[in-house]
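Given next, in structure tokens, is a single chain: the form predicted on its own.
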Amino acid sequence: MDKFKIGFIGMGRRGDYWLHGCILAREDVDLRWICDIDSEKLEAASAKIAAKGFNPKATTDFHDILKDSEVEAVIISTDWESHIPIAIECMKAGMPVGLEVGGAYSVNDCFRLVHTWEETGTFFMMLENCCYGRTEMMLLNMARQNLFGDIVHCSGGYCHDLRNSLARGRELKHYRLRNYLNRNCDTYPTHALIPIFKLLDINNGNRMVSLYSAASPAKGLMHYSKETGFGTEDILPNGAMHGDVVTTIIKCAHGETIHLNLETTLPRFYSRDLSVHGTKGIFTENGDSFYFDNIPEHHKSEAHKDFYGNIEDFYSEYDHPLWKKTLKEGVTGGHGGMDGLVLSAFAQSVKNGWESPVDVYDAASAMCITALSDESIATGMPVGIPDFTNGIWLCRKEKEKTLYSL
């Protein structure tokens, strides 16, 4: 078996999850290097990996990986601040990049990422696992068959109670805490946004043109810290800046709207809050429900007399071919199999010279929402969204058709 030889940069919580929830469980991946600037994290990761029978080289300097001619690609799972700088250096060295998700700190950084890819041609993919969620891929399959008609609005979000890990940020050495103490914006837009890109052909015949963001007061983390005693040294003196609920409304070139919601510091269940609104029908994740014009009675769910909660009925008919294949062969990787599928897409694209399923234009367009929402919240004004493709979006529509034929 010709294994995919990779180096892994960033051994924090997400990096640990990647390795033990996906990479080390696969026979087609050869982990050659691990890297972290924190030597304690690196040693702990090395010990855990060795206990599973693997022995990659370890370094605190990712440049060591770039010097290894046998490494085929790197995965970057560091703090958000270093995502783009490391990705740029890797591309300049000719090393294919798989970049973990997160927002950008400036629009300029996003342009630097795009220009580096355009200058080097080095393979780049944002590892947005939610593009490969079973529901997201079924919705894409249905949209391609025109079941929703003209899609006029989509919503999505990252709604996840992170209070415990945020409050213990110093103990866990978690970069999220310093962002919540000092920033007020949508720090994590890509899980919702990039699957919506595929539904609305963003950067492939359509684009986002402007946004307006607003944030609620930041009270949830302070309340949690007082109640539990966690994070008192960091959170209680000055409180957090990051609003408990951050709302963003985006306008697209063809008039469609996108609603993004970030809610991570209040008690709640997990949701990506996905919905699709079209001229022929609607889907809403909160309720797992479809409704269409002239929907047959047999699509009513068993649990309800109406059509609420009827998603399972649609899986049987509209599951994406990739998920049909995955369910037949066996689901692997964390987050319900999404991690395994995005890793496979990355490996196959690099090895076969395919175009990136989530390319640098998608990454820059999604990551810039963090910086632009920061500006909009601070000024109370809408802001324009740059065209990172420099007009190429007008003639790229056919490319998107092949993104999931992996």
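Numbering starts at 1 and follows the sequence shown. The structure presented is a predicted model; accordingly, all values stated were derived computationally and were not measured.
What comes next is about the form predicted in complex with another copy of the chain, which is not displayed.
Asker: Given the stretches 183-191, 232-240, 144-152, 322-330, which is the single one in contact with another copy of the chain in the predicted complex, using a heavy atom cutoff of 4.5 Å?
Answerer: Within 4.5 Å of the partner lies stretch 144-152.
Asker: Taking G340, S356 and D362 as the candidate spot, are all three within 4.5 angstroms of another copy of the chain in the predicted complex by heavy atoms?
Answerer: Verified in the predicted complex; spot residues all out of contact, no.
Asker: Could you tell me which one of R170, R178, K280, R112 places a heavy atom within 4.5 Å of another copy of the chain in the predicted complex?
Answerer: The residue in contact is K280.
Asker: If you check A215, I76, M138, V101 against another copy of the chain in the predicted complex, which one has a heavy atom within 4.5 Å?
Answerer: Flagged contact: A215.
Asker: Is there a heavy atom of G287 lying 4.5 Å or less from a heavy atom of another copy of the chain in the predicted complex?
Answerer: Judged by the heavy-atom cut-off of 4.5 Å, G287 is in contact with another copy of the chain in the predicted complex.
Asker: When the contact criterion is heavy atoms within 4.5 Å, does G380 count as touching another copy of the chain in the predicted complex?
Answerer: Contact with another copy of the chain, yes.
Asker: Since only the chain is shown here, I'm wondering whether E263 would be in contact with another copy of the chain in the predicted complex (any heavy atom pair within 4.5 Å).
Answerer: Output for E263 is yes: heavy atoms within 4.5 Å of another copy of the chain.
Asker: Closest heavy atom of S165 to another copy of the chain in the predicted complex, within 4.5 Å or not?
Answerer: Judged by the heavy-atom cut-off of 4.5 Å, S165 is well away from another copy of the chain in the predicted complex.
Asker: Pick out the residues of 77-97 whose heavy atoms come within 4.5 Å of another copy of the chain in the predicted complex.
Answerer: The stretch 77-97, when checked against another copy of the chain in the predicted complex, contributes no residue at the 4.5 Å heavy-atom cut-off.
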